[in-house]
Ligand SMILES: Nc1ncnc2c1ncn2[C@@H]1O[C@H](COP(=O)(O)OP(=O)(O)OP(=O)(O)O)[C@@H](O)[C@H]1O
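Presented below, as structure tokens, is a lone chain in the form predicted alone.
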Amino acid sequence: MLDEEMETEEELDEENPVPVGVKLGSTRTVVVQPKGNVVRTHEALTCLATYQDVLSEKRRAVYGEEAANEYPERVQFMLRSGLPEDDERAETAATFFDKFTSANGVSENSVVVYAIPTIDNEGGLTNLASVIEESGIGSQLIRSYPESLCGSIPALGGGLDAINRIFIAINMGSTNLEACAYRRGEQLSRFSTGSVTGNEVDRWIANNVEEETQGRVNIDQTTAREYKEEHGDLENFKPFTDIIQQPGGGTHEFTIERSVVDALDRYVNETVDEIANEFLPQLANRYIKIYKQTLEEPIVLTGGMACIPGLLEAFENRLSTELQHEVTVTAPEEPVTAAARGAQRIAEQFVEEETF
């Protein structure tokens, strides 16, 4: 859990609404809110599992890491595609979000800003809005802003400096690669693809492990994601060992030398190709002056893949080579929580200006 000191040491007036930032994500959900004179960040895996209480025989639900660890055979990651696609997933997401916000004491008397993906999916976005709006929080105001914009706010100075700048943001998420140019908060030339994603990296790792071990080891994508998060490093990767139980008894110890880093290397190459040959030409064709200006400004990387050590530097070098133009790339601290932290700053502005 991440705590940040608030700019003011004064206790919040209980009569004022609480400014809350939310990112309901495909892999992790983050809520950011002030508690006393600190801002607290709460995280959980976006998943839910139900079970029958042996005493009352009622159906109960657990969420997050507890659900994933205790009920791996039936845990539901209801936002695997990035949004709740249908009524069933929306209902499951609502149950998860209610439990998560209740457990972390999110106030009903709040101004809530939540981050949304840059995807043309009206039905999914409508379902996501319903999950937030019907949750019981945000009684004073609920607003949504693009995830890549929210995630860029902590990367580009204090307060809401990013809202007054012209720059490119690239969101490296689990379910989509998104890019957008921003002009004082306005979205220009949005781009999104599901072909290069964090989930694809997990699949590549699983395939690579099978190949590297000559078929002796097969891992699922959840284990591949854990390998990526624990060992992924494009700068100082170190081989690691793991142990599996063999059919019929006994264990097999194996070492991974290339499976993880090769998948990450492929991800950077394919991401650079999408940005350099799809998104940037699209931006240049529509807004040539903005295109030229944004290449002289830092490009912001957000999303979970931006957490990988060495990825930012590799992306910067390879994009510069591809464009034959030196670009600068930056990322917020804690990219996984950055969108919710940026959303919370926007909510704080609404509260300070009493525009709710």
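Counting begins at 1, following the sequence as shown. What you see is a predicted model, and the numbers here were worked out from it, not measured in a lab.
Below: the form predicted in complex with the named molecule, not depicted.
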Ser26 within 4.5 Å of the named molecule in the predicted bound form, heavy atoms: yes
Using a 4.5 Å heavy atom cut-off, state whether Asn171 contacts the named molecule in the predicted bound form. yes
Report yes if any heavy atom of Met305 sits within 4.5 Å of a heavy atom of the named molecule in the predicted bound form; otherwise report no. yes
Quick one: is Pro84 in contact with the named molecule in the predicted bound form, heavy atoms, 4.5 Å cut-off? no
The named molecule isn't shown here, but in the predicted bound form which of Gly138, Pro154, Gly124, Gly198 has a heavy atom within 4.5 Å of it? Gly198
Which of these residues, Ser259, Thr101, Asn176, Thr271, gets a heavy atom within 4.5 Å of the named molecule in the predicted bound form? Asn176
The stretch from 27-35, 321-329, 65-73, 49-57 that lies within 4.5 Å of the named molecule in the predicted bound form, judged by heavy atoms, is 27-35
Hey, which residues along 123-157 are within 4.5 angstroms of the named molecule in the predicted bound form, non-hydrogen atoms only? Glu147
